[in-house]
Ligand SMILES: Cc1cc2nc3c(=O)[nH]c(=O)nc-3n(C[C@H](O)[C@H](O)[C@H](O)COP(=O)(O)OP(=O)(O)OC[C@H]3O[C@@H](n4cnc5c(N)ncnc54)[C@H](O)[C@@H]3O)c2cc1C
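Read the single chain below, which is given as structure tokens and is the form predicted on its own.
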């Protein structure tokens, strides 16, 4: 082990693994550390799904077949009564998350990556307003390593970011109401599932307050499904395992099913950090809150954030500067490729979490909330109602005036937030004023939505 590197990466989930792969491939001297043993890298409970469009963006279109556990061609979203379902079309995969991480790490090792497992990041070394490296703990011994840039890819632990000065944008803490607490199991059913290439999401505030429960079949593993439930954090709703067993696993289809794997995780469900970079440091993946706020998927966006940061790191080291301004292209890249859509979806997330079951059922069955809306949100992160659309929804929604009011409000604020994010600051100097405007709009929106509940 050396004492100086170009880059040190903390955490080898999909974000850290992709950053390791991209930066080692670029010829940089990279050290990656993870507290887990090698065989457990990437082992995190999740839904295992990733959209094909994300893999296309990342040039990972030819994954080895043994990484793919299922093919996806759409998602069915069920109303609380399950009498109505909307289908959101789109190709994707269910992947073996551990094999995916190993696939990326092994290619990084081939390009010169130095890897240290069973190693904890104790604290960042901050000097003169820059992160200059890390204090590590390995086999009971404290070790200091210097790095020009340190990348926090440690997920919810935020092992580096949470120990940085509180006025740095990368250190912003997650509020529990902007998270979901999820628990999921992999089970083998007695019988197969119809249309195994369709994922299922069930919105029901009784079973999953502020979240949803899901059923994701592994189409290449007959009878195997990923089933889980997430609830909004910070609202006193309790643990997700209890309602999963009460409302979901008690169903006939799960009778005599075999439990293969189980686990839980905290999922950030908000807009991304206002900046993924600062002086000598970057934050990616869950540590940067890059998860989709509506459906909780995070693999693709985590790797997109790692890709954007990696490109900025290479460019910054080429010119010999690692300040926030030199790394700022990472933010521009991420916002353009996912952050804008994520911020808009966060507005819709707040709306959805406050709707009672009766409003969701009514809206989906009467066309006040429509299948086209969810497809537009999924593809473009945008909800725009035409004059004809508004008139139609007004007629069918007169029995639920509060729902119409909320839908009008959410459409208006999604447009406002999108406009703000499309004018994301081009330099760190302009970030505070822009962030003040964003927070003012979001606070105003929350007050209107919560006041109409």
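Since this is a predicted model, take the numbers as computed values, not measurements. Numbering follows the first chain given and starts at 1.
There is another form of the same protein, the form predicted together with the named molecule; it is not shown, and what comes next is about it.
Stretch 262-270 is the contacting one of 262-270, 356-364, 103-111, 318-326, since its residues have non-hydrogen atoms within 4.5 Å of the named molecule in the predicted bound form. A single residue from the set 31, 49, 414, 407 has any heavy atom within 4.5 angstroms of the named molecule in the predicted bound form; that residue is 49. Distance criterion of 4.5 Å from any heavy atom to the named molecule in the predicted bound form singles out 119 from the list 219, 346, 119, 279. Looking at residue 332, you'd find every heavy atom of it more than 4.5 angstroms from the named molecule in the predicted bound form. The closest heavy atom approach of residue 183 to the named molecule in the predicted bound form falls within 4.5 Å. In the predicted bound form, the named molecule lies within 4.5 Å of some heavy atom of residue 302.
Proximity of residue 151 to the named molecule in the predicted bound form: non-hydrogen atoms within 4.5 Å are absent; the residue sits far from the partner.
Of the residues in 143-165, those that come within 4.5 Å of the named molecule in the predicted bound form through at least one heavy atom are, in sequence order, 153, 154, 155, 157, 159.
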